[in-house]
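Given next, in structure tokens, is a single chain: the form predicted alone.
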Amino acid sequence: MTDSQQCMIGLVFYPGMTSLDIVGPQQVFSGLPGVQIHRIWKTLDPVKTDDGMMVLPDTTFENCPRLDVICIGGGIGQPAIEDDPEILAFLRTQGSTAKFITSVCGGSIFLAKAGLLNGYRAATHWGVRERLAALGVEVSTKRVEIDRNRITGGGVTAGIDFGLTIASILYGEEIAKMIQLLLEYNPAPPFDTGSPEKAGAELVAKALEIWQVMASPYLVAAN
């Protein structure tokens, strides 16, 4: 894509989502030339994420233009809303024309339920790999999985890797590298427990217990 072409990127927000799933890629996309980013929800009312951040959408499902890239993330509150017919219909509509259909973390569950991952391989958060497989999707354990025009990121922090991958595809490797440098994205985590394979069964079990407790208020509200 050249500087003279405007790329329309749509980021779907919803109550109970994990902010970094989308804020990470958005930070990357904001450094691209000629990009118009749409922060999308049903209404323009503030959306509260699962960490308490308030996000103000600027585009609704109804007035959203045709997108080149459609992306949705996951979140603690996702199970309470992932079967929402309006969300799934919006994803199907945009997915029928978008150049790239994408997700970060558990957002792949939305894509699968919208029928947009049939016959595709996709990455997701480790905690929902079994759920994604049960929806008939071939599950990848990569940080970023590219299967034709479906590009999916793993859990939460993989959204930055995902964003840089999209940037490279759209505008070339050099621009993506410059954005990575400007963000000083040079991860050196203090612990080597960032995946279930490295964390071990005991820590994984404790993490899942905490996850379930955090998710329970969203499920109660949905019912």
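Because the structure is predicted, anything quoted here is derived from the model rather than measured. When you see a residue number, it is the position in the sequence shown, counting from 1.
The following text describes the form predicted in complex with another copy of the chain, which does not appear among the structures shown.
- Another copy of the chain is not drawn, but in the model of the complex it has a heavy atom within 4.5 Å of Arg143.
- The closest heavy atom approach of Val213 to another copy of the chain in the model of the complex falls outside 4.5 Å.
- Mapping the unseen interface onto this chain, Arg66 falls outside it, with no heavy atom inside 4.5 Å of another copy of the chain in the model of the complex.
- Contact annotation for Gln180: at least one heavy atom lies within 4.5 Å of another copy of the chain in the model of the complex.
- For the candidate set Phe90, Tyr120, Phe100, Trp126, a heavy atom within 4.5 Å of another copy of the chain in the model of the complex is found for exactly one residue, namely Trp126.
- With respect to another copy of the chain in the model of the complex, the three residues Leu20, Gly52 and Ala176 uniformly fall within 4.5 angstroms at the level of their nearest heavy atom.
- Contact residues in stretch 161-175 (any heavy atom within 4.5 Å of another copy of the chain, taken in the model of the complex) are Asp161, Leu164, Thr165, Ser168, Glu173, Glu174, Ile175.
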